[in-house]
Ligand SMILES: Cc1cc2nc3c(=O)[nH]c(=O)nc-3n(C[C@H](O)[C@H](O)[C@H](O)COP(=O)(O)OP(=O)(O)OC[C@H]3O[C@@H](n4cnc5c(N)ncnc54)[C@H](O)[C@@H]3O)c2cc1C
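The form predicted alone is given below as one chain in structure tokens.
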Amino acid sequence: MSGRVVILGGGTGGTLVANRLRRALPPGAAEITVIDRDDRHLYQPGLLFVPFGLTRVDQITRPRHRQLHHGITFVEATVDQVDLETNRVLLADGATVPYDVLVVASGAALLPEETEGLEALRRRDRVFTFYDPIGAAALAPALAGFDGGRLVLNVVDMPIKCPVAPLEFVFLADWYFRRRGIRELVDLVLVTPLDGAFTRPVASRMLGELLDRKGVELVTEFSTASVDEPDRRLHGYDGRTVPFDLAVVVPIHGGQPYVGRSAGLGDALGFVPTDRHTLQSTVRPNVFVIGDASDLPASKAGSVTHFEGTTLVENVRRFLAGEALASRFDGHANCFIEAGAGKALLIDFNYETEPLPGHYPLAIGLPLLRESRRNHLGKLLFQWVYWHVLLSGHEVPGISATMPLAGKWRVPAA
């Protein structure tokens, strides 16, 4: 067993895969190279807290190369394209990197240019996003100076990174303005292309009820055609409009630019077609995909990437050894949903089973689909787990890559 393993992306997926492979393979069995355009590893879940003054971007950013184990090569460079025919990665500076196995772990990209009017994100006057570090930092003073009016959170289209983050934002905004004593002066509105608060029926109903209790208006099945900053309105393709005084927008997501420049690698959105159980790409047998870069019908969330890592690393090892691949990934995802006031919810689901109430991972574990102080503390603790356990390639104690059914209650969807 030997080979050159090249990993495109030094974020969550690329880092944990590189570190797990380093530990799983015998010494000298593989040359592992991670390529990324910069040396700044961002803890993306922390961006949610930046606009509310609960953290700063510099507090959730660390050097990428320092998260990688000894023996892994880190290359700071921009990928121009992947040549699937010759098994080479072409870099923007003209250099080439050959591979025997390629792991695409470069995540999703924000595409504000796909929506008319979202050039307003660059001005940061009345239209913001918290989905990138610059936008999240700019939103903090905007919220601090917002003394009343309509604050609209708009998800332009799906899929997006961390699908629960828009819900978390409006829940935290409710808490934030209550703490400032001006909640009655603020109309909070969540505008989504979904037909409810979430993608799965039981969770959608329960989260919708929580939005209602917190006084957040929910506008559903809204397909955003344009964002009119001068007129302060969202315009939908169906003719509906939503007025705002301050808009927080989650732009359309797509694959990284190099995917579109790489013949045969990506689909129309720039995501890489991937087998939903083996995580081997369907474009070439020696290409594997992890995290947000894939076209899998799973949440684009860090927990999914963590659970995918177990199957992907095993299958890269098997591929190098000429063995049959394992079909083990079940779409497992779990997410803490910050609800404000020191409480959070937790959801746990996979391809086949939607988020259900109960407890996780066992009947005496953390409460599911219910506000809890323990869940909030769990979300805060996860940042430490992320840097010290997950990225280093270790399993989180008591947490299986396969979704457990123990502790969950079956309830009717309607």
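In this text, all values refer to a predicted model and were calculated from it rather than measured experimentally. For every residue, the number given is its place in the sequence shown, counted from 1.
Keep in mind that the form predicted together with the named molecule is missing from the display, and what follows is about it.
Item to check | Partner contact for Thr224 in the predicted bound form: the named molecule, 4.5 angstroms, heavy atom | outcome: No, Thr224 sits far enough from the named molecule in the predicted bound form that none of its heavy atoms falls within 4.5 Å.
Checklist entry - Is there a non-hydrogen atom of Asn154 within 4.5 angstroms of a non-hydrogen atom of the named molecule in the predicted bound form? => result Result no; Asn154 lies far from the named molecule in the predicted bound form.
Checklist entry - Counting only non-hydrogen atoms and a 4.5 angstroms cut-off, does Phe329 reach the named molecule in the predicted bound form? => result No, Phe329 sits far enough from the named molecule in the predicted bound form that none of its heavy atoms falls within 4.5 Å.
Item to check | Distance check, Phe130 to the named molecule in the predicted bound form, heavy atom within 4.5 Å | outcome: Yes, contact at 4.5 Å.
Checklist entry - Which residue, Gly107, Gly270, Gly340, Pro159, has a heavy atom that falls within 4.5 Å of the named molecule in the predicted bound form? => result For this set of options, the contacting one is Gly107.
Checklist entry - Only one of Ala30, Ile60, Leu346, Ile35 has a non-hydrogen atom within 4.5 angstroms of the named molecule in the predicted bound form; which is it? => result Spelling it out, the residue with a heavy atom inside the cut-off is Ile35.
Checklist entry - Which among 203-211, 187-195, 77-85, 227-235 is in contact with the named molecule in the predicted bound form, heavy atoms within 4.5 angstroms? => result Stretch 77-85 is the one.
Checklist entry - Can you name the residues of 171-185 that have a non-hydrogen atom within 4.5 angstroms of the named molecule in the predicted bound form? => result None of them.
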